[in-house]
Structure formats: C-alpha cells, structure tokens
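A single chain comes next, written as structure tokens; it is the form predicted alone.
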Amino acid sequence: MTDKIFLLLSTMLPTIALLLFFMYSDKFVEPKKNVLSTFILGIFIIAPLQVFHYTAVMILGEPIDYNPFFRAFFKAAFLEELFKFCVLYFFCTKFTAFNEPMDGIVYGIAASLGFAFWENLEYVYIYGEFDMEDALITVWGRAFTAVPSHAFDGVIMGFFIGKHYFRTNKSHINLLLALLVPVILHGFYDWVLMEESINSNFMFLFMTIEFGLVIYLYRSLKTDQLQKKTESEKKLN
C-alpha cells in the first residue's frame, strides 16, 4: 500500500511542483481559483482529443494509421497545443486578473501542466502494466523530460498570447506564433521519439532549444514586471 501511495505521489507531484514554482515566482500572483480552474481545464483537454479520434474512427471505420511524422506533428503536437491555445484564448484571457503579459505565461503553464498531469496518470495506470519498478522509471523519466517540455511549450504559448493582448498596436502575428512555435517544438520532440531511424537523444537538443527560449522570454517579461512594480511603489510613495 505504501508503494502505491508513493507511486501516485510521484506521478502527480512533478506537475504540481512546477506549477507552484512559476505561480509564486510571479511578482503579482494570480488568484488561486483562476490557476486551479485553468489546470483542471488542461486535464480535460483529453476530452476533445478523444472525441476527435473516436469521430475519425466512426467516419473511417477504423483508427487512423499515422506514420511517425504525422503522428508527432498532427495527432500529438497540433491537436494538443490547439486545445491548450483554446483554453488560454477563450477562457483565461477573460479573467479580470489577466492584466499583464506575465499572466499569459502563468496560465499557459497551468493549462499545459494540467494536460501533463493527466498524461502521467495515463502512462502509469492505463497504458502501462502495473509493475512498480517500471512505473517509477516511467514517472521519473517523464518528470525530467515530458513534463518540463509541456511546461516550456506553455511558457512560449503564454508569452505570445500575453504580447498580443497588451500591445498597443495589435496584430494577429503573436496569436499565430502562440500556436505555431509550440507545435513545431513539440512536434520535433515527439518525432525523434517516434521515428526509429532517428537517435532519440535528439530529444534533449529540442528540450535545450525550448529551455533557452523560455529563459529568454521569461527574463524579458520579468524585467518589464520589475519595472512596473518599481513604478507602482514610487507612485505610492
């Protein structure tokens, strides 16, 4: 029983820990109910994904036979990132507390980690046979690869959505980039894992690219946020 509890906690905690880190590193912390509802919507992204796949089966009479490239870039990257984008665009941007570019990152991470949370449960309790050692290897492997990769894509998507909503001269280019960049990075990450002819270690190359981009984007918004906080304090004084 203790082993099963440890496995469950190991499955859930990586996503929750990352979410709390980014949430509380925000100088103007978002309402907890907003972040939690976004995280839960991220979990329920699985619903429209399943509807799409079951509808395709009903129309075609059999599951779609994806090749590795199409499976990585369409079935995984495009569809998953599209529904994350819908959560941010149609739900999170309507929050009263969505009032600065950094908020896009916080909610982008919440939606992405909600999906990663469910995906972890799937890999351990649905797709895999329940063997404690193998399950822990899967969980801890994903804790340092798939989970942060989902978080990175959430940061990138949230950055561009925040830029779109808080630019004086709006254009749709940032909305396009909010979907396109995560799809490309997510797609390449999955493709090297699904394509047998490609060395799977290339996954770490794309994670490094994601991480570098995240650091750059996050620091640029952090600098703006600190300036805003300083200006607010000066006005109060």
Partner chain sequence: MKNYWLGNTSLAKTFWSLVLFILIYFYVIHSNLLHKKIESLGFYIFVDMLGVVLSFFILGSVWRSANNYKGNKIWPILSKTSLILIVIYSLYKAYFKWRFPDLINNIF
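Numbering follows the first chain given and starts at 1. Just so it is clear, the structure is predicted and the values come from calculations on it, not from any experiment.
The protein also exists as the form predicted in complex with the partner chain; that form is not presented, and the subsequent description refers to it.
This chain is displayed without the partner chain, yet in the predicted complex the stretch 136 to 144 from 71 to 79, 155 to 163, 101 to 109, 136 to 144 comes within 4.5 Å of it by heavy atoms. Taken together, Pro14, Phe21 and Met203 are fully in contact with the partner chain in the predicted complex: each brings a heavy atom within 4.5 Å. Although the partner is absent from this view, Leu213 stays clear of the partner chain in the predicted complex, with no non-hydrogen atom inside 4.5 angstroms. The shortest heavy atom separation between Ser25 and the partner chain in the predicted complex is within 4.5 Å.
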